[in-house]
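Next up: just one chain, as structure tokens, the form predicted alone.
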Amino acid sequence: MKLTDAQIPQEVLTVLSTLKNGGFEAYIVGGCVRDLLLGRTPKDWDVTTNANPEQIQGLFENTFYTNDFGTVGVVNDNATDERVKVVEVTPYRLEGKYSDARRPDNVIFSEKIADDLKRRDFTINALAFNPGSGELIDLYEGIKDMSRGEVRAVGDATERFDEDALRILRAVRIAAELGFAIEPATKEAIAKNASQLGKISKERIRDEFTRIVASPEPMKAILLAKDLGLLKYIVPELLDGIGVNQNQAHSYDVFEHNIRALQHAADKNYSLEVRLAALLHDIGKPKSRRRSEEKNDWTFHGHDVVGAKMTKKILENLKFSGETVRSVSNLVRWHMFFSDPDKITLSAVRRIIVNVGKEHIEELIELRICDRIGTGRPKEQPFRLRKYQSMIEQALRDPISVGMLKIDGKGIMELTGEKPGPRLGWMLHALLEEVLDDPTKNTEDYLHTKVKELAALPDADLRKLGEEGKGKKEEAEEEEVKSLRKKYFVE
């Protein structure tokens, strides 16, 4: 794919032209160039230049330092695209020794773009493009590696991983996001240096792990992380499920079941919370596994409760937000909800909605779907689950009641002087019948006028109208339930 200026936001082009007009070189660099060449939308835009930080700041009105290594954030206050509200500009640089396998002890600014590219992690990220001139710099055959679908380290892979051990996990993440393989020598270096991940902060590991889970192929990435010895530095509890066979309803061991459930969540493009819950929903099974002589099979009683506690600890250890920890562990806690349509009651459905929250009930259904597919069953929504969904919608919808009216008992008493008693109920149900027949009548003006007419009726006539209104309400309720059943093909 040929790169053009039209693919680059104006704010980025302005930063580049300002640097060039100031007498400096300037390129977009790294992942944004890679993504453009692959026809993907860049998540952010990075610029590199031979200007030093002070010279960069001197060319722009609104800037700030983003780190200790010379990166300057150029602020575009009027930008509507979040990705370009701050454009990071970094001087060409050489880096000193990495004593902690996380960050360089010192950096040296350079005048050569080649010096900057040779310190980058992977060949497909060691690309620089100069809009205007059309110059594309590819010193390490990154474009060839893209055509082969490979992630390969720049130069010596072990040296790159010694510089920043997070690159070990980043290779797996990039492969998952792009659908690439990891080049053999790079893969071998990852396996040899896996223990270096132990030096990396949980926050940085969380960020890469999150992107793996959110990728199109998380199952492939988790398997790769396991095979390369990385998973024990991310979620070691997952490894306990390897070889843990389940009962006859399952085709896979606990580990494979969990990652297959995650992959289905990715295939359905479900939220990050559902994906995390799918990966962790049976994390408690190895600790809960017992042999039942009566059933001649394995049982996992209480694995949902154990799993919820483990999930909370895992996500807290990875420094996820409190809200994510709560929502995901709650989904794991309630993923075994009882859904037999012949035995479940509407009140039981309402209790589940209360337990998991209205805002998460759909996610709970999605998790059950992933759980089902993860067992090896081909059908994601059998009759009983569709019936349960219809009951959820029935429980969530606004009930047909006198509460829908634009007037209440207090309002009737104020208008008519009626006293508390059965006449108020008869009036409200009589009004409801009219509104169900013609919703446009549900206005204060109409109902106030109608109330005065009803107040003049004797008890017998008013009671008859009220009972007719109750019958109308029950008919409407029945029609709505039929509609819901039809919607989910469970008539």
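Since this is a predicted model, take the numbers as computed values, not measurements. One rule holds for the numbers: they count along the sequence shown, beginning at 1.
Heads up, the form predicted in complex with a small molecule isn't pictured, but that's what we're talking about next.
Would you please decide whether residue 43 lies within 4.5 angstroms of the small molecule in the predicted bound form, comparing each non-hydrogen atom pair? Yes.
So in the predicted bound form, is the small molecule close enough to residue 215 to count as touching (4.5 Å, heavy atoms)? The answer is no: residue 215 has no heavy atom within 4.5 Å of the small molecule.
Heavy atom to heavy atom, is residue 389 within 4.5 Å of the small molecule in the predicted bound form? The answer is no: residue 389 has no heavy atom within 4.5 Å of the small molecule.
My question is simply whether residue 429 lines the interface with the small molecule in the predicted bound form - judged by any non-hydrogen atom within 4.5 Å. Residue-level check for residue 429: no, no contact with the small molecule.
Just one of 204 to 212, 327 to 335, 222 to 230, 407 to 415 has residues with a heavy atom within 4.5 Å of the small molecule in the predicted bound form, so point it out. Residues of 204 to 212 come within 4.5 Å of the partner.
Heavy atom within 4.5 Å of the small molecule in the predicted bound form - the one residue of 368, 152, 120, 264 that qualifies: It is 120.
Given that the small molecule is left out here, which of 187, 173, 360, 285 has a heavy atom within 4.5 Å of it in the predicted bound form? Of 187, 173, 360, 285, the residue with a heavy atom within 4.5 Å of the small molecule in the predicted bound form is 173.
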